[in-house]
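Only one chain is included here, represented as structure tokens and corresponding to the form predicted on its own.
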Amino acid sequence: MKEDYKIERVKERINYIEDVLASVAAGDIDARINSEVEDDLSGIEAAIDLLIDDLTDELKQRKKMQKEVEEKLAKIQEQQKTIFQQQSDLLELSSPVSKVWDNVLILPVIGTLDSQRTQIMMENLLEKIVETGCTISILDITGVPTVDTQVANHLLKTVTAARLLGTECIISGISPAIAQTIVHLGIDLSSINTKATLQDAMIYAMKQNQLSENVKLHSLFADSDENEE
């Protein structure tokens, strides 16, 4: 009878050990056997507790490292977001559109052009056209060293979009190198009004302004004469 009791007690302790291990496996890192009995099983139970201690310490260390990595990643992502915003702001600042004369806008471009910058230039120019109602815009690329096919196509789209808004877009300052590149790429700019220099473009714009004013005056006088009749 006594032996049966001992066997039953051993079974209970083994079941308890299994329950503790199952709890640890389920994520309860505080579960321990903590046996107060001194017998043949107590050494095994103490060893299991030590093993659980080692595993939980390692788990805590991994969680700590994971948290540090996540915090660093979040910081890097925030820095990247700030950098992208600064780059966007710089692109905006590098593509200023100004009203330099009655009815005349100018967009001076300096430095290397890429598709992203050219897209921002187009957006800035179109917004300014809508804002001011100017019907002449000058896109001066004197400070641009070279262009590729994508950039040239963006320039064509910019001119076309401006034309759809009722604005004539003049491209000035095409260098010999860019001219050769455009010819080599087979890009047709024949439909675009181009001028050798910004000065030439400004003179043309002022003449167009004067013609427009003359037309308006003529129309005004004609309407006045019709009213008198």
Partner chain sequence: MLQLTTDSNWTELGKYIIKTEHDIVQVRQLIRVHAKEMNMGIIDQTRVTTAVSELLRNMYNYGGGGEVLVETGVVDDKNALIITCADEGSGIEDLDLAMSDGYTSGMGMGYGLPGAKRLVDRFEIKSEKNIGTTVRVMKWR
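Residue numbers count along the first chain shown, from 1. In this text, all values refer to a predicted model and were calculated from it rather than measured experimentally.
As for the form predicted together with its partner chain, it is not shown, yet the points below apply to it.
In the model of the complex, Thr146 approaches its partner chain with a heavy atom inside 4.5 Å.
Although the partner is absent here, Ile136 lies well away from its partner chain in the model of the complex, with no heavy atom inside 4.5 Å. Although the partner is absent here, Asp102 is not a contact residue: none of its heavy atoms lies within 4.5 angstroms of its partner chain in the model of the complex. In the model of the complex, Asn153 approaches its partner chain with a heavy atom inside 4.5 Å. With its partner chain left out of view, the stretch that reaches within 4.5 Å of it through heavy atoms in the model of the complex is, among 59-67, 23-31, 185-193, 46-54, 185-193. Of the candidates Ser42, Gln180, Thr197, Thr160, Gln180 is the one whose heavy atoms come within 4.5 Å of its partner chain in the model of the complex; the others do not. A heavy atom within 4.5 Å of its partner chain in the model of the complex is found for one listed residue only; from Glu71, Glu127, Glu78, Asp114, this is Asp114.
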